[in-house]
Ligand code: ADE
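Given next, in structure tokens, is a single chain: the form predicted alone.
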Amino acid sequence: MSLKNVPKVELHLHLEGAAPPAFIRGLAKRKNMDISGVFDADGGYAFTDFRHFLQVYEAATATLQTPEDYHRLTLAVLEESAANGVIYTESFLSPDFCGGRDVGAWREYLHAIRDAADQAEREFGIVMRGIVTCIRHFGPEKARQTALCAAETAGDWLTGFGLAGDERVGKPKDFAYAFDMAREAGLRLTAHAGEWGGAQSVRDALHDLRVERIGHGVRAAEDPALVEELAETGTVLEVCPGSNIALGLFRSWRSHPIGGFFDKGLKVTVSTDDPPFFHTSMTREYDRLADAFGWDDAVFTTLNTTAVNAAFCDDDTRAALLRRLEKSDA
């Protein structure tokens, strides 16, 4: 039985990475851009490893050039998420791709994204909030510019700040200034770690950036002391199993550490990361996790309640989401 209609909460979704391939091809055609190397013979995104994935991701993103492009993208992404039962999503947004980290241009892009999110909430019943992310492999100086964009637009909708990109470039502490800027602006903090950087990258993000959530964090499984620390501190992990398996971090769903994390009492959530790149959806994630670990509705309710309580949203939104989850259990 598919879990498509189970209400779901997603905390780790890259907006550009969720762009349907047909959407990107359509933009490229209208703009006479040659991005043929981005796709495989079946029309999906084509990449060989994580570094190549980043290159393909940025090539596809190059077709998104105006606020209107992002308005259309946001609607397409949220419609797809809602069709898979997602009632709330937090999406990573990058001023690097939206106006080249210029605050004025970023405001225009953000207005378009938020307008589309409001429309999607009316039409599809899905609630969205934004998390600005600096791109690790673009370097600390550009991260400061990104943090300024975030600080200038922080509020009830733009609620978080994070770090994404290639974990093998630099150290979390290199981005401490940008995170301090975001913290002072009232933004809540997350960071990608423990995907390609190993268990130590999780510890570094926690201690040097003082984040409350970790994107991925799965390599923490290699360090029992770190697993204990995560459990004791209640740090929430934004786990994306399908992404990890597609990129070769783990061989199978049953070998993925999310099952062990849950059994040990860690606060784990489930997300898709960049769903069309990894041929996944929130429905597929739930179905495969149910198959791999025998998880039932009660487990998924726990996961979603954890996600709502960890969400970077206001208390009224949180309460409304909890009511929706409770109603679905009745």
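Just count from 1 along the sequence shown to find any residue number. As the structure is a computational prediction, the values presented were derived from the model and not from experiment.
Not pictured, yet referred to below: the form predicted in complex with adenine (ADE).
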Given 259 to 267, 61 to 69, 28 to 36, 273 to 281, the stretch touching adenine (ADE) in the model of the complex at heavy atoms within 4.5 Å is 273 to 281
Adenine (ADE) in the model of the complex: within 4.5 Å of a heavy atom of each of Arg213, Gly234 and Phe312?
no
Classify Glu195 as contacting or not contacting adenine (ADE) in the model of the complex by the rule of any non-hydrogen atom within 4.5 angstroms, answering yes or no.
yes
Does any part of Gly85 reach within 4.5 Å of adenine (ADE) in the model of the complex? Heavy atoms only, please.
no
Using 4.5 Å between non-hydrogen atoms, is Ser91 touching adenine (ADE) in the model of the complex?
no
Test of understanding: in the model of the complex, would Gly130 fall inside 4.5 Å of adenine (ADE) by heavy atoms?
no
Within 4.5 Å, heavy atoms only, which of Thr153, Ser243, Gln145, Thr159 is in contact with adenine (ADE) in the model of the complex?
Ser243
The single option of Ala164, Ala199, Leu209, Ala116 touching adenine (ADE) in the model of the complex, heavy atom within 4.5 Å
Ala164
Check each residue of 41 to 57 against adenine (ADE) in the model of the complex and list those with a heavy atom within 4.5 Å, in sequence order.
Phe50, Phe53, Leu54, Tyr57
